[in-house]
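Two forms of the same protein chain are encoded below as structure tokens; each is given separately, as structure 1 and structure 2.
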Structure 1
């Protein structure tokens, strides 16, 4: 019975959200805004549950003195510090919260992002190993695009940047658009399966 009610709510909500995109009236706008507000409330509540679960998870690791508990201790300390700092002195420009964000979180995020350069190199090495004819075509195309889009491209030949541009704008774009058309149709089918209650794994 509960599943049927949930499926009916999903059906009505899905139908309404699709309809309100096309039919803009005061009533549909009001209901649409209310649904978004309710989503924000649900998000805030689940964020609270997520935060509690995060602290519980790491506190348990500290309690049982598991290997790497120091990282859990830093995580818990970080969460508590940010909550207390925001509650006591707000999130203004000169607040401790903002200081921690700019001087701790932002550099750590930049560090993670910079790892991407090394990972791209190792992935490219594996991807461009010429073991078959298609791999040769892939490696050749990659070299043309890489060299053609860099400053060296112009130095080697005027035609190289043009060729790189052609690869980028034609075969590459065609493949991308083909995938995107499939994604669009897949999205419609998935959304309809959920709205019609055929796909209920989220319940």
Structure 2
């Protein structure tokens, strides 16, 4: 019975969200805005559940003294500090919350993304091994874009940045749009499966 109710709700909600793009009335606009408001509430609740789950998971690691418990302790302390700092002194420019974000969170995030550059370079080295004509075209195009978009492009030739821009704006954009069209068709197919009750994994 519960599965049927959930399927009916999914069918009606999906049908309405699809129809409101084609039927514009005051009622549909009001319902659509109300649904978006509930979406924000659901998002806030899921953030709360995620935070509680994070603290619970790492607290258990600290309690049973598993390997790496020091990192779990730092994680729990950081979460609690940010919550207390935001509740006590707000999130203004001179607040401890903003100080921790600018001097701890932002540098750590930049460090993680900079470390990803080495993995990208390693993957590019393996991917650009020229063993066939398509691999040669891929490697040549990548070199043109990388060098042309850098400061060395102007030093080598004035035409190299223009060529890199042409590659980026034409063949690359065409491939990107093809991928996005495929993603859109896949999203529509998945939505139809959910609306029609064929896909019920969300239950």
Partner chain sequence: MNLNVSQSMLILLCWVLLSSGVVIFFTVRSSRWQRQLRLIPGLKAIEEAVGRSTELGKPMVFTTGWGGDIQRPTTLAALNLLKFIAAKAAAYGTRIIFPTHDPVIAETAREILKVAYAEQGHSDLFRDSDVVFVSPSQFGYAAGVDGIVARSQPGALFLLGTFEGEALILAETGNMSGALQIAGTDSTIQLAFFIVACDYTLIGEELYTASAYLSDDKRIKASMLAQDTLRLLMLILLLVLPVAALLGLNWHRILLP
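Residue numbers count along the first chain shown, from 1. Predicted model only: the values in this text are computed from it and were never measured. Rigid core (definition): largest C-alpha set, two forms, superposition within 1.5 Å.
> Do you reckon the form predicted together with the partner chain is 1 or 2?
The chain shown as structure 1 is the form predicted together with the partner chain.
> Compare the position of the CA of residue 69 between the two structures after a rigid core fit and state whether the shift reaches 2 Å.
No; that C-alpha moves by less than 2 Å between the two structures.
> Does residue 9 show a Cα shift reaching 2 Å between the two structures after rigid-core superposition?
No; that C-alpha moves by less than 2 Å between the two structures.
> Once the rigid core is matched, what's the CA displacement of residue 182 between the two structures in angstrom?
Spelling it out: core superposed, C-alpha of residue 182 shifted, distance 2.9 Å.
> Residue 146: how big is its Cα shift between the two structures, in Å, with the core superposed?
With the rigid core fitted, the alpha carbon of residue 146 is displaced 4.3 Å between the two structures.
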